[in-house]
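Read the single chain below, which is given as structure tokens and is the form predicted on its own.
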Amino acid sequence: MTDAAPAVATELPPPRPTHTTRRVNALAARLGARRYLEIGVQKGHTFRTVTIEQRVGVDPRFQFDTAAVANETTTLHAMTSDRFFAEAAGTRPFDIVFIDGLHVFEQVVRDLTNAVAWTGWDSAILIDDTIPIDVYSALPVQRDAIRMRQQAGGRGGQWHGDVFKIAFLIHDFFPFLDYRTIDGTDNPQTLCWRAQGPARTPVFNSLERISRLTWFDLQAHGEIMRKASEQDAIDLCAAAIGARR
């Protein structure tokens, strides 16, 4: 079943797998994941090609016919992620959560906090767009990013927002999470999981200061992103979770 779905389903073209599909399915195979949550589904290219048994998708405005996808093990909720966690998350935790909703720091903080509440020690959380490509891409308003890049003589509509700040938040305020930022292939994403590792020394130790960070601060403190290859990040996550089983 699905929320706000059309009465009659229309046939959809075959989905096109993404780099996120590859990463999520690799994690699922290593962790034995059975429940998957995706925040920010849009056209569903990733969601529809994830092979986890039970899938839950959340998006205020799906860009495909959800009735053609929904079934007993796949549910889609046409609502904000805030409303989903408040009203429709159910009672069972998720094994993997992919956060790709509104690309502004405040919303990602809420999505991550809620995701932590709805996952367990054997779960992984993947956050999209955590390394902006330039100073314009890191602006919190998409239209400003595109306009200012064009005014400076640049081209392209790339926009990551200020999602990168979430790595600084995890580093300083989520000591129970280990994390790596996948970089070098396809779109940068930050993978995090629960871990009892050595304590980290906060760098900023202030939510207000982190909220005001800029692209230039990211360049000055790039080590906080803890960059790793896709395979290394997945291996670290799987090893940490596997060691507890």
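Start at 1 and count along the sequence shown; that's the residue number. Bear in mind the structure is a predicted one, so any value in this text is a computation, not a measurement.
There is another form of this protein, the form predicted in complex with a small molecule, and it is not shown here; the text below is about that form.
Student: Of these, V58, L27, I182, C192, which has a heavy atom no more than 4.5 Å from the small molecule in the model of the complex?
Tutor: Checked against the cut-off, the match is V58.
Student: Among T80, Q142, T73, T113, which has at least one heavy atom within 4.5 Å of the small molecule in the model of the complex?
Tutor: Flagged contact: T80.
Student: Can you tell me if L169 lies within 4.5 angstroms of the small molecule in the model of the complex, counting non-hydrogen atoms only?
Tutor: L169: no contact with the small molecule in the model of the complex.
Student: Closest heavy atom of R200 to the small molecule in the model of the complex, within 4.5 Å or not?
Tutor: No, no contact at 4.5 Å.
Student: Using heavy atoms and a 4.5 Å limit, would one call L37 a contact residue for the small molecule in the model of the complex?
Tutor: Taking the distances in the model of the complex, the answer for L37 is no, it never comes within 4.5 Å of the small molecule.
Student: How about T66 - does it come within 4.5 Å of the small molecule in the model of the complex, if we only consider non-hydrogen atoms?
Tutor: Outside the cut-off, so no.
Student: Only one of these stretches, 99 to 107, 146 to 154, 160 to 168, 133 to 141, has heavy atoms within 4.5 Å of the small molecule in the model of the complex; which one is it?
Tutor: Comparing against the small molecule in the model of the complex, the contact stretch is 99 to 107.
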